[in-house]
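Quick heads-up: it's one chain on its own, the form predicted alone, in C-alpha cells.
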Amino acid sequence: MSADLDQLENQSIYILREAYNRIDKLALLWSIGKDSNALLWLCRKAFFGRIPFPVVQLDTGMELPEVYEFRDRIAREWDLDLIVAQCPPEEEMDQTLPPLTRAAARKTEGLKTLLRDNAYQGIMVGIRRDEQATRAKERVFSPRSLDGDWDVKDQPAEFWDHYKTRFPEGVHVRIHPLLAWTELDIWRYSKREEIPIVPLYFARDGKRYRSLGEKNITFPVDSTAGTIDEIIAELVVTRIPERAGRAMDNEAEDSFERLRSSGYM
C-alpha cells in the first residue's frame, strides 16, 4: 500500500532541513535516476527553490548518452552547484570482487576520494528501503567511517522521527530522506509534481529501464509502459523485482552486501 504523498513529502523536507541545520558541510549525490531526481525536487521545495549545497555526480564515464544530456539540461535549468567527480578505473578495484561488482565498486571509491578531498560531513543519498533487502536495514542518519565502512549491527536507534545528528570526529553521515518511500510512491509523486524524468524509463521496442544505472552493468527489462500512468499500472501488478536489470546483483549471492558494507550507496 502506498503511503500518503503529502505525509512523505513533509517528512522528507523535515529531514532535509534538519540535516542542513545540524551538519556543517553537506553535499547531495545525484545519480540522475528517478529517486535522486525526486530528492532534488524535494530539496528545491525545502529551500525555496535554491539548493544550498553542492550536487555531486559520481561519474564512471559509462552512463548512457540520454543521462548525460538530462544532467546538463537540469543542472542548467535548476541552477545547480554541480560537481562531476571522476571515479577511479576498474583496475584499481578489489580484484577479489566478481567482475560486474568490481565495475560497480568504482562509485564507492569515487565517493571515498570525494570525502577525502572535500571533507564533507554529510552526504545525502536518494535510496529507499523497499529497493533492496540490505538497504531495508538503513537508518535515515547513518554514520560511516571516513572510508565508508558500514557496520549494520552498530547503528543509532530512530523512533518517531527522533534522529541522532551529532557524531564524533572521524565519522561522516549518510542522510537518506527517501527511506520510507516506495517505488510506487516515487512514480506517483513524480506524476503529481511533474518532475522531469530521463526518457530511458519509458518503454521503447518492448523494453525500458526500471532501475537506471551504467550501461555496462544495467539492462532494460521487458515492458510496454510508455507513460507514467502506464508505469504505475505496471507496478501494481508486476512480480519482477525493481533491480532485475542490475547485473551485479545477480552475479554472486553476496555481491550487493559486499558493496554496501564497504561504502556503496
Partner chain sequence: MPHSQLRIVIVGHVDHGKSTLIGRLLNDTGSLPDGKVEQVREMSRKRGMPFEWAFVMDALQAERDQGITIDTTQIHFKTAQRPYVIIDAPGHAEFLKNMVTGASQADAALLVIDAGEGALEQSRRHAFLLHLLGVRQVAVVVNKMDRVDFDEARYEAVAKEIRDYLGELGLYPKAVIPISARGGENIVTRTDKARWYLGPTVIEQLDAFRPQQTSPDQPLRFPLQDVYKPDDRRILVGRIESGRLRVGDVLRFAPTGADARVVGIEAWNHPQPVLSAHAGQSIGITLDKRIFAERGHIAHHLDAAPRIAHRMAVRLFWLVSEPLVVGKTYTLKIATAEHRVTVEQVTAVIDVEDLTSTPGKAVHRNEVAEVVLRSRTPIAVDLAADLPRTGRGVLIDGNDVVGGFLVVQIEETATANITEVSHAVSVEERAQANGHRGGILWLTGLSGAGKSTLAMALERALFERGWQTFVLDGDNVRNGLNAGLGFSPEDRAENIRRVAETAKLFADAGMVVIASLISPLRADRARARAIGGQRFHEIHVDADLATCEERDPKGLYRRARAGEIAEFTGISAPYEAPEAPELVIDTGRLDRSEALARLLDYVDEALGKATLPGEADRSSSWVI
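All figures in this text were calculated on a predicted structure; none of them were measured in a lab. Positions refer to the first chain, counted from 1.
There is also a form predicted in complex with the partner chain; it is not shown, and the following applies to it.
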Using 4.5 Å between non-hydrogen atoms, is K45 touching the partner chain in the predicted bound form?
yes
Is D154 close enough to touch the partner chain in the predicted bound form, meaning at least one heavy atom pair within 4.5 Å?
yes
Close approach of Q121 to the partner chain in the predicted bound form, 4.5 Å, heavy atom:
no
Is there a heavy atom of D161 lying 4.5 Å or less from a heavy atom of the partner chain in the predicted bound form?
yes
For the partner chain in the predicted bound form, the stretch among 109 to 117, 86 to 94, 179 to 187, 68 to 76 with residues bearing a heavy atom within 4.5 Å is 179 to 187
Every residue of K215, F219 and E230 near the partner chain in the predicted bound form, heavy atom within 4.5 Å:
no
Going through 71 to 106, which residues have a heavy atom within 4.5 Å of the partner chain in the predicted bound form? Please give them in sequence order.
none
